[in-house]
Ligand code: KG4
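What follows is one chain in structure tokens, specifically the form predicted on its own.
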């Protein structure tokens, strides 16, 4: 049995989890900073870093207590080393290194994006490769083909705003507050998604994404129609984003020969995206793996699960290694 403590502090969630043998979730604790950043309309890096410093010890202690283990029971300690906010990343990396050094166990630095990819194995340990994966969050919108575990091919990514960033900006335009994704998701249920013909940017132009023009289209519409129904704006905008995401993921599956579609990242919690992808998978005869809601947002489970595999294949990460806010997802085998 291998017990790994995973720490995630890449943005505005302070998270820790204990995972057994890379698959069995013994505990998962997430402390969100939404209330701290809401009045600013988005994440303030310095505020996030200070909050991580204040919360990290208690979150780790709670994760160990929930798992019913002691520090001495741990076989390794892992942390997200990037991409993310540099100040926030350093809090988690420093805590993990200090624990690993004190406990004399391996330290494993984990790529945040690879962590989201590993949510597929947490959902189904026997998932068949290759996979076509949509990583979609506030900072990333990316299509990845997983040929085999550890071999990744980035097929497409955003050229400007990520989908989650577009949700937040449109929510601000509509006066819905922060975070924008959940607010638009809730409001869109009451609106007519066919009422406004917003563009589907680059939908038939390869596998890259662009959402800045869609955001501008929403802004112009709201300015021209100040008395319009915001519920229809939310529903029509959301449908445009979902159309693009689902279409391009299916195209990526065709190109890579993947029989399984996977989502990861915070926007994977969007109810309409989950519904549409499930429908598209059934219509195309493909298996769809949609993570549990608690595995969509940033969490320590995905860090610990990925670290278990990394430790077996690559060994420990050097304590001399630091955080990398621009860390890329690259094939390592």
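Numbering follows the first chain given and starts at 1. Worth saying up front: this structure is predicted, and the values here are computed from it rather than measured.
What follows is about the form predicted together with the named molecule, which we do not show.
Among heavy atoms of residue 27, none comes within 4.5 Å of the named molecule in the predicted bound form.
The closest heavy atom approach of residue 137 to the named molecule in the predicted bound form falls within 4.5 Å. Heavy atoms of residue 297 reach within 4.5 Å of the named molecule in the predicted bound form, making it an interface residue. Heavy atoms of residue 150 never reach within 4.5 Å of the named molecule in the predicted bound form, leaving it off the interface. With the partner left out here, the named molecule still marks one of 162 to 170, 70 to 78, 254 to 262, 87 to 95 in the predicted bound form; by a 4.5 Å heavy atom cut-off that stretch is 162 to 170. Distance criterion of 4.5 Å from any heavy atom to the named molecule in the predicted bound form singles out 182 from the list 182, 130, 213, 106. Along 249 to 268, these residues reach a heavy atom to within 4.5 Å of the named molecule in the predicted bound form: 265, 266, 267.
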